[in-house]
Every structure is written in structure tokens, then in C-alpha cells.
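Taking the form predicted on its own, here's one chain by itself in C-alpha cells.
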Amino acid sequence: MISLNEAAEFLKKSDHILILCHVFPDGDTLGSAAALCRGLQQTGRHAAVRCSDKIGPKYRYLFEGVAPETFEPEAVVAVDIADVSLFGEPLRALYGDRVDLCLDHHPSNSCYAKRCFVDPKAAATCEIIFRLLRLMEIPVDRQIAACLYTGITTDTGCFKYTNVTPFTYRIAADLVETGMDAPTINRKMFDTKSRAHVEMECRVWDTMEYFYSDRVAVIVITQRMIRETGAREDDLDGISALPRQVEGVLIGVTLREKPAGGYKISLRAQKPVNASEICAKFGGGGHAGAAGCTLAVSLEEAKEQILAGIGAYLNKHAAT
């Protein structure tokens, strides 16, 4: 582990910097990457962002005006990526063993990079990027502020999750003071749904099952559902939060079929449940309120395994 000051000094001495995002990219990994890329390009450095998955229309505004660059990286930086397994292909094959710096807020980070700065108290990695840019004396203009705000508002559920701290609000206030349009970003992230998203929600609700005295709710997203609704990655944002919205549910489980087989498991938990502790038993991780893992098995086996893990957790924490 290194300090954020050391991370800033490393970047000050670097040029031709490649910034990596995780698969199934969300607002935090993309906002962090876009903000850092913009800041580095402002200083005359060569910087570019790569992701194994295509960036959909919902988040493209983050990269408007960013100069596209192609180069052999001198430094590789991973943002909001807890483990190399989240790079996806081809990024894992290309850069899995050559990440120079990792900036992250997941307590389950495997410290795979040559240099790691991880702050589990940060509500979003974008909080870390904000602090980093300040240390590098890079001005946070309206475009950078919009990127950072996007990551913070999406990772905090528009500031309603328990990961929000007083510092989170202070950063958000500083970002709003740049003149960036926070209401429009919030509306785009939370109050605007594509028709494909609405259709997917309808289908997902029909798959919901309840377990353990209705404290656990499970939904399923299949590749067939994705094909038939025409849903893009952006259209699936927020789906995994649906089971937890049901009154009385402590743990919401989403089983999403992967294109090559197997299932990506997403857990969303209410206090006092720790979703990360459950997912860690399956080689995954994340945060107390939101975590994930992958199971390379059939749907029934994936459901059976994750429910057994949840049952063991609930038995261990009988007061939950």
C-alpha cells in the first residue's frame, strides 16, 4: 500500500498513462477514469481510457471532448477495480500483470498492482480521484466535476446509501460550485429509463422468489431476456437493486447469465448484513451493502450455492 501523496508523485513523473475500467462498467469506474484522463490531458500528458466492455450511450457524455489517443503505455492505472478478474478480456490478458497503480475504495481489493491506494471509507473511487487531482494541483473544471459527481451519485444511490459520509457531501458541494449541472445528471442516472429497461424490469419481477422467511429475494437475468428486450449494458443499471426494495428483504440477489455461460451474482444488503462477507466465500467481494461474485455453473446450481452461502451466513448471525 502507498499513500495518496505517493500516488500523485508517481503520476507526476509519468507520461503516456493508460487508465483501465472494470467490466460491466458503472458510473464510478467510468467517472473516475474520465476525470483522471481529462485532468492528465490538461497537464499535457498523454492519457487514454480502456474498458473490455463497450461504453453505452448513458455514460458517453463523460468522454465528450476527450482527445482519443493510441500509444504504448508507460504507466497503467486501474480505477475502481478490486481484482484482475474484473478486467475482463482482453484487458486482463494485456495488462493483468502490469498494473502500475490501483486506485480503489473496495475493502476486498486484492492489492494486485505494483502500487495500491485503497480507501474503504470513501463512498466512491471518484472521491479518491478528487483528492488526487487536488494533490496534483490540477484544477477541477465543470467537465471533470461532472465526471466525479456521476461516480459519487451513482455509487451512493443519489446520496441515500449508508456509505455516504460528511466528506462525501463536502466534495459534492465543491463539484456543484464549479457550475456543473447536478440535477440533469441525477435525472439521467435515476429518473430516466429506456423502454428496454422498463421491459427488463417487468420480466425480472416475474422471476422473483423469496427465501429464508422472506428475508432474501432472488431475481434472474438471462441472455434470452437481454436479447428479446434489446437491452444494452446501460439498460441494466439499477436492476440489481430491485429485490432489496421489497419491504422486509435484507438480502437482494441477482443472478445474471454471462454470454459464455455461468452467472454473475450481485448481492445488495441492508444493515446489519455484510454482502461482501458472503461473496468472499465464492472468491468475490465488494462492500457491506453491495458485493458480487461469479459462479461457472448452471442456473439451478448457482441459485443453490449462493442460497446455501446466505443460509450459512444467516445461521452464523442468528440475530440478523
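The structure presented is a predicted model; accordingly, all values stated were derived computationally and were not measured. One-based numbering along the sequence shown.
Below, we refer to the form predicted together with another copy of the chain, which is not included among the displayed structures.
Asks: Looking at heavy atoms inside 4.5 Å, which stretch does another copy of the chain contact in the predicted bound form, given the options 118-126, 182-190, 137-145, 99-107?
Replies: In short, 182-190.
Asks: Taking 227, 274 and 298 together, does each of them reach another copy of the chain in the predicted bound form with some heavy atom inside 4.5 Å?
Replies: Looking in the predicted bound form, the three residues 227, 274 and 298 all stay beyond 4.5 Å of another copy of the chain (heavy atoms).
Asks: With the partner left out of view, is residue 270 within 4.5 angstroms of another copy of the chain in the predicted bound form by any non-hydrogen atom?
Replies: Flag for residue 270 set to yes.
Asks: Heavy atoms within 4.5 Å of another copy of the chain in the predicted bound form: does residue 194 have any?
Replies: Yes, residue 194 is a contact residue.
Asks: Spell out, yes or no, whether the shortest heavy atom distance between residue 149 and another copy of the chain in the predicted bound form is within 4.5 Å.
Replies: Heavy-atom contact with another copy of the chain at 4.5 Å: present for residue 149.
Asks: Check whether residue 206 has any heavy atom within 4.5 Å of a heavy atom of another copy of the chain in the predicted bound form, and answer yes or no.
Replies: Yes, residue 206 sits close enough to another copy of the chain in the predicted bound form that at least one of its heavy atoms falls within 4.5 Å.
Asks: Where, within 214-244, is there a heavy atom within 4.5 Å of another copy of the chain in the predicted bound form? Residue list please.
Replies: Residues within 4.5 Å: 214, 242, 244.
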